[in-house]
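Subsequent text provides structure tokens for two forms of one protein chain, presented individually as structure 1 and structure 2.
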Structure 1
Amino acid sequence: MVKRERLGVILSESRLPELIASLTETYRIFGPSKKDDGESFAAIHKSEELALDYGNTKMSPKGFFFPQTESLMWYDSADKKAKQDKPEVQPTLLFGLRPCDALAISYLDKVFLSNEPQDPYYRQRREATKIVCLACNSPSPTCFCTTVGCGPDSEKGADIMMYKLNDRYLMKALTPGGEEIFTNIDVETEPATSQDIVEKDDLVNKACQMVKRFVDIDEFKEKLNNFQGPWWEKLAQKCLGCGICTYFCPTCHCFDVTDEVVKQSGRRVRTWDSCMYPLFTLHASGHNPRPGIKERMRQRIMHKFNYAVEYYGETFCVGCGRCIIHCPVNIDIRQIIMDIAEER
């Protein structure tokens, strides 16, 4: 058991194997895996499988709570039977998330849990999972977290925050869930000192300087009040409407519900959907209020930077840069923000 210290505790890097071994006795652990160079979160059984020096995973960890495809219920009309499918959950630890992904999960919590009725599928997975976040010492060139209210050391959404300090880790519990994790750790640590905090702050400041703050986000948001702005047509000219940006995004949460039926039995399935698809808002009448790329691009940008702020008080972009990296025609959301902000 790790005793709580005011400044946190120091774990020697050499004791990381002991930490993971201790935690696996209580939790199933998922983290950035060396099997794919940290491109995704995979089951971790020992510390040697972790790739903690990764930049960011290709897919965000939102799928742990909101799977790309999941069965909600099954039914048989002939027998007049129906049954809700329930997620199989067990104590889980997401280890080594970047701050932007932890922040994104806190936004999804608002979507699925802040209003009644809560989403029972999301809630069960979320309640069974705790998050250990690893601060960024070397943000990627496509990161712009500081522009949208995040940062290399953002703590929101994390239960424990970790900082890599040369040959050791500074660990700090942020929530009662984080304290619970500490109670399940049987490994030697030392109280953090003021010098450790100075070293941590220096690394965070250097990381923040590496993230270019390229535009006043408030000026950009002010322009979004012009729903018929002339820039929407221009911004949509390159877009293919493939939806890759929404699938890689850690905060996008649109879904479709369909019935897969064979004769008189079937199941109801929820799958990720995208506002970039032409069928997304197609009415049964045949009318589509967003008939073209321009309208769908506008919806995506407005949802993140305008509607989400109105509904939840948050900008639903965490600056992770995934949409920039994976867009097949090199659309850069940073450039979109600049173009709209500078439009006269």
Structure 2
Amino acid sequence: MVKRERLGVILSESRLPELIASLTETYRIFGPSKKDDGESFAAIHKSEELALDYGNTKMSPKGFFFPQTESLMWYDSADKKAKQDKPEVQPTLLFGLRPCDALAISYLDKVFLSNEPQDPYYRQRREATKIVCLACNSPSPTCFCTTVGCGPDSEKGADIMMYKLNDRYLMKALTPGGEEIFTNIDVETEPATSQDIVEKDDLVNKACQMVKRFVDIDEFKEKLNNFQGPWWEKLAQKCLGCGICTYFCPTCHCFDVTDEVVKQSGRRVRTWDSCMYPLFTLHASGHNPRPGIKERMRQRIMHKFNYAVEYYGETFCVGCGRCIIHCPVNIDIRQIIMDIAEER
């Protein structure tokens, strides 16, 4: 058991293998792991599999709670009754998650849990999962978290916050769930000193300076109140209308529900969907309220920076930069924000 300390505890980097070994006794662990094309979350059995010195994972971790393909229910035509599919859940730990992704999960919580009725599938996975966040010491050039109310040390959504200080980790439990993790592990730690906190603050400050704040976000949001703004046409011109930005986004959560039949039985299945797809809003009558790429791109941006603010009180963008990295025509959401903010 790790004792609770006011300033947090210090774990020597050399003890990371012990920490992971101890955690695996209680939890299934997923953490960033090196793959051919960058890092992605993978099952971790020992600390060598972890790649904690990373920018961010390629895909966001939202799929842990909201998988791209998920059976909701199944049935066979003999009794015509639907039977609920229950996700298999066991105590899980997302280890080394970036603060932006943890914040995004707190937003998904609002959609699937705070917004009644609750989503039972999401809830089962979410309740079984705890999040150990690793603050960013060296953000990537595509990061813009500080512009959208997040930051390299943002704590929201995390149960435990970790900071890498040279050859040590500073760890702090932020929630009862975090305390619970501490009680479940057996590894030697020391109480953090005020000197450690100074070192941490220094690193966080440096990281904050590396993330460029390029625009006054409030000015941008103010402009969005003009739904008919003249900028959409031009901004949407080069968009191909694929779903990359929405599928890579850690906060995008739109889904489709479809039925599949094989002979006499079948299932109702939930899959990710994207507001960038033309059939997303197509009525059975043939009418489509969002007929073109312009309308669909406006929906995506407005949803994040205007509608979600009204509905959930949050900006549904955490500045992770995944949409920027993967867009096939290099549409850069920072540029969109700047162009609209600066439009006179």
Partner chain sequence: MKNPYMPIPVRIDNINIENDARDIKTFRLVFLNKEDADAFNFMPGQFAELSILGVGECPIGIASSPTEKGYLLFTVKRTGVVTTKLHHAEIGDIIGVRGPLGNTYPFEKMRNSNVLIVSGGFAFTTLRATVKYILDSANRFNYRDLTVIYGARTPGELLYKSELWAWEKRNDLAMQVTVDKGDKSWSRYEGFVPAVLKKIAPAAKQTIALVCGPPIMIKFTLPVLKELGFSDDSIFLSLEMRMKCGIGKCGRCNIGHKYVCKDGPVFSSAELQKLPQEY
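Because the structure is predicted, anything quoted here is derived from the model rather than measured. Here, residue number means position along structure 1's sequence, counting from 1. Rigid core: the largest C-alpha set superposing within 1.5 Å between the two forms.
- The first of the two standalone chains is derived from the form predicted on its own.
- With the core held fixed, residue 226 shows a CA shift below 2 Å between structure 1 and structure 2.
- The two forms, fitted on the rigid core, differ between structure 1 and structure 2 by 2 Å or more at the CA of residue 264.
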